[in-house]
Structure formats: C-alpha cells, structure tokens
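Form predicted on its own, single chain, as structure tokens, below.
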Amino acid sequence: MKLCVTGGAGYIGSVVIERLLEKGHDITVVDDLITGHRDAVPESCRFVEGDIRDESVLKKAFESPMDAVLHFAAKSIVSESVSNPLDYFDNNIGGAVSLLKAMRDRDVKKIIFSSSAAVYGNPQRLPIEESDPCNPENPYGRTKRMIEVILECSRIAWQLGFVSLRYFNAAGSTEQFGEDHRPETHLLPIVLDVALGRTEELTIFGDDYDTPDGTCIRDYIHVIDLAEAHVLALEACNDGFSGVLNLGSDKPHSVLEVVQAVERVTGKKVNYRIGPRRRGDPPALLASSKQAEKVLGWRKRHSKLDDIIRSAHAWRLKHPSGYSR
C-alpha cells in the first residue's frame, strides 16, 4: 500500500514505519522536525518536511495517490498542554482537521490515529475498557478525544474508515530506533539517564496518591508491540473495521517500581527525590486490551517490564547522544 505517515520522524512513528517497511509498504513521511529527527526516517521513505496545517505541505505529501494515512503528528507533553492549552488545540486539532480535509478532497478514506489513554482522565474503574466514560483531565487528552469525535463525524459524513488506538505508556526500543525527546519527559529514559550518570537525580511527582506506594501507576507497553498493533489495525481498517481500541500491557507498574526495575536491570543506583504533584496526572491508568486482541488478533510479546528496560538501555548505550541533528 501507499501510505502517508505524519509525525513519522518521532519515537513511535519511526518504529511503526520500521515494521511497515518490513511488510513492503511504500511510505511518505511528513514531519516538521520540531520534535522529530531526520535520522529517524529511513532512506527508503519519501520525506516531506513541514507542518500539516500548511496546505502546501499536504499538497506535496499527496502528490501521488495514497491508500491510507497513519497520523502521529501532535504535541504531547501533558504539563505543557496545561500551561499552553491554545497551542495544543491549534496544533493537534488544527492539524487533524487540515489532514482530514486533504484526505477527503483526494478520496483517501482510511486513517489510523495515534490517540491516548489521556482521553479517559481519572477512570471510574480499572482496567479501563473502550466503553468507559471519557473525561480528560488535561488539554492534551481533550485534543485527542476531540479528534476522535471528528473522526466519527467524518465516518458518518463521507465514509471515512478509521481506527483510533488509545495508547497507554509506550516504552522500549528496537535496535535501530528509540526515544530521543528534547526535553525528555518520559519516565523510563529519564530514569535510565540517572542510572547511567547523565542526570543527577529523578524527580518523582508526588508520593501521596491513593496507590500502594503513593506514586502514580501506569501501564507500560513495548513500542514493538505497539507497532505491530498499527500494522494489524491497518489490515482491520481495510477489512471494514472502524472504532477505538485500547493498547496496554494489562499489568501496571508504579513510578517506584520502574525505578527499582531499572536498578535491577542495569545494576546501577537511581537517585531520586519527591516533588509536588504534576497538574493533570491521574493516579492510575490500566487498560483492558481484550478488544484489540479480539478484533486485531493482537498479542503482546515484548511488554514485560524488564524486557522493555533492557531494550531501552541497550539503545541508549549505543546512542549516547541520541540522534544527530
């Protein structure tokens, strides 16, 4: 298939592209490189640099007919979204609307959307199922939920086929691609940097939550398993499925448990201090992935916490400065 991947120079997008290329797909990557990395885009991909809100960028991206789109491009830092909500609504929702208009005008009727567990907010029960209420706690989560609504409206209006994949916490690396955010905001690479002596200490945002050890609980999934879900979602969309699906590991870990696991895997001490809670953080998120397993035939093969950490650790040792710029 001929595929357009927005945000393909980012962490998750690059790993998904790696898997799509293995399947023989022809890929055009669109990325503004504000947070992505040109070195994370394989040479075999056609690359268009620019903002998807720019009509000329999308015109170039869709110069040749496309069969489907995988949409990753978005701002994604929760705390930043709380401080600068207008930027998030403009970038995330504005970008999605521009992309969908371009797709509609060119009769591209399939899209796989990178959504988030943030759409649920503070859940009423665990594990979370797709039918549970969506009450986002922060602007980032609200943008993801609003885009899902736009996708559903587009399905009704012009027969768009879509699969919205609600991620929990992606982590880990392949041999070639890993996490390199600047600044880094994801827990595992930050903890690894402390273990490797690149950062003095970790700040844990709150230890007074209603959880067993007082720190936030999250559901971590290996990015390789996540990538496989995208390939399967694309196939399901081709077969007529539209809807939302959770992608999680089904086994949560607290921040302190992640710290302990990194110490166990690396053999290094992780220094940390307790800071104030971070605005917009729910105490616990845990997914039920039963629907994804049923609809996609998806299986999690790499998502044990120690396996995730080993892969991320190996990538950071191999790429001490991340991607070059």
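From 1 onward, residues are counted along the sequence shown. Note that the coordinates shown come from a computational prediction; the quantities given were computed from them, not determined experimentally.
A second form of this protein, the form predicted in complex with uridine-5'-diphosphate (UDP), is not displayed here; the remarks below concern that form.
When you look in the predicted bound form, the only residue of 119, 192, 111, 216 with a non-hydrogen atom within 4.5 Å of uridine-5'-diphosphate (UDP) is 216.
Interface residue among 205, 158, 241, 89, judged by heavy atoms within 4.5 Å of uridine-5'-diphosphate (UDP) in the predicted bound form: 205. The putative spot formed by 177, 227 and 300 is not touched by uridine-5'-diphosphate (UDP) in the predicted bound form; no residue has a non-hydrogen atom within 4.5 angstroms of it. Between 128-136, 180-188, 101-109, 149-157, the stretch whose residues reach within 4.5 angstroms of uridine-5'-diphosphate (UDP) in the predicted bound form through a non-hydrogen atom is 180-188.
Taking the partner from elsewhere, residue 255 is found to have a heavy atom lying within 4.5 Å of uridine-5'-diphosphate (UDP) in the predicted bound form. Within 4.5 Å of some heavy atom of uridine-5'-diphosphate (UDP) in the predicted bound form lies at least one heavy atom of residue 220. Using a 4.5 angstroms threshold between heavy atoms, residue 268 stays clear of uridine-5'-diphosphate (UDP) in the predicted bound form. For residue 278, a non-hydrogen atom is located within 4.5 Å of uridine-5'-diphosphate (UDP) in the predicted bound form, even though that partner is not displayed.
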